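Just one chain is shown here, as structure tokens, and it is the form predicted alone.
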Amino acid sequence: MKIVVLKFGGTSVGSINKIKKVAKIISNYRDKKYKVIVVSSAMSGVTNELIRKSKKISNNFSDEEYDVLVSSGEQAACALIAGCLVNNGIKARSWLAWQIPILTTNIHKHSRIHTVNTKSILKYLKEGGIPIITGFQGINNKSRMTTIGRGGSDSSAILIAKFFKAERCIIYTDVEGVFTTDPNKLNKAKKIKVISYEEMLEMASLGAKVMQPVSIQDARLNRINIEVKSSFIKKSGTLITKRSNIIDQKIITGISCTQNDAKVSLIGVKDRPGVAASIFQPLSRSLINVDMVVQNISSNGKETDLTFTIKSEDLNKTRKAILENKNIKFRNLLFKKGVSKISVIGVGMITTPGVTFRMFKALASKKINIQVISTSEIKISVLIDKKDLKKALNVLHNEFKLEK
């Protein structure tokens, strides 16, 4: 059985006219003799509106009822898609997660899929039907609805593709695919034809909005190839796959950036074993995500300066957590807003020396000061002033010839 999984994001099903276009895309795959499984998000804006309503009820709205509430958006979208297909003379029906069932862990709001029962859906496919499955949700062993985090419909599609051994998993969204950098920030950004799981995971983690990191990780762990393409333009998209499938591997594949960062520096911290843990434990308890971390030890080995980055909206919480922390002593505490992280990403740098030098030289040529540096096997990230971000994107895009 030649199965394709088609996942449609919120913008793809954001209106009745868009749902009618989605129905045509689904019909085209059916005409190509695929057995089609559809996974849908809620219509754009619906989930946010449901969350707003929950907050009007309570600032401590029940997690169990939150999952029941927000999962209703996908139910509505799937019913509309199925209804449209039926109206076009095609056998289709909506399937809610509990009807299949899609089994998840017990955690609410951030659950994970561990099993998809295939029996009922396979029977329906053999009968010529097109199942329209609600993404983002499942059911736990207590028969309670669960959701798997924002952007979770991508994970739903990837795990469904795994359990049904689908030939293809296609994520339809409002962009043509994955670009070398954000095309809204740089006009000459170019669509990437093929990208590795590792590169896509880094780009998603570092600011690219095409897919959530957890979905990429699901695809990587289960070796599911993903195509990302537009619902609105008939063009090829981007294939996300394993490294060995990529023939023409560039040194640098893409550039990601963030715009909402702040830098925190603790100067003259009394150095002792466990001091870093003492600093970051209260931040973790306050659910503050710490990103780049740099530590410098003084020549006498008695003090250290520690710098890290956070999201700007967490600045007040961070200041409060540090100042109330009686387990650390320091001479000065500095905060700086208006900074951005820019990262070059590519598996090619593993075997290519000189990438760091080229990046730093390119930034220096435009008099862009580097404040913090962080590296991994396939990425180099630097912190710069936000006002220099566009200039940095342009010079790095040129340096690594990403427009070609």
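Only the largest set of C-alpha atoms that superpose within 1.5 Å between the two forms is called the rigid core. Counting begins at 1, following the sequence as shown. Quick caveat, the model's predicted, so the values are computed rather than measured.
Beyond what is shown, the protein has a form predicted together with a small molecule; the following relates to that form.
**OP:** Tell me, please, which stretch of 239-247, 284-292, 166-174, 322-330 lies within 4.5 angstroms of the small molecule in the predicted bound form when heavy atoms are compared?
**Re:** Selected stretch: 166-174.
**OP:** Tell me, yes or no, whether Pro183 is in contact with the small molecule in the predicted bound form, where a contact means a heavy atom of each within 4.5 Å.
**Re:** Answer yes; at least one heavy atom of Pro183 falls within 4.5 Å of the small molecule in the predicted bound form.
Original post:
Might Thr11 be said to contact the small molecule in the predicted bound form, defining contact as any heavy atom within 4.5 Å?
Top reply: Within the cut-off, so yes.
Original post:
So in the predicted bound form, does any heavy atom of Phe179 sit within 4.5 Å of the small molecule?
Top reply: Judged by the heavy-atom cut-off of 4.5 Å, Phe179 is in contact with the small molecule in the predicted bound form.
**OP:** Report whether the minimum heavy atom distance between Ala161 and the small molecule in the predicted bound form is within 4.5 Å.
**Re:** Output for Ala161 is no: heavy atoms all beyond 4.5 Å of the small molecule.
Original post:
in the predicted bound form, do Lys7, Met203 and Val210 all put a heavy atom within 4.5 Å of the small molecule?
Top reply: Yes, all three are in contact.
Subject >> Exceeds or equals 2 Å, Cα of Gln259 between the shown form and the other one, core fit >> reply: Yes, the C-alpha position differs by at least 2 Å between the shown form and the other one.
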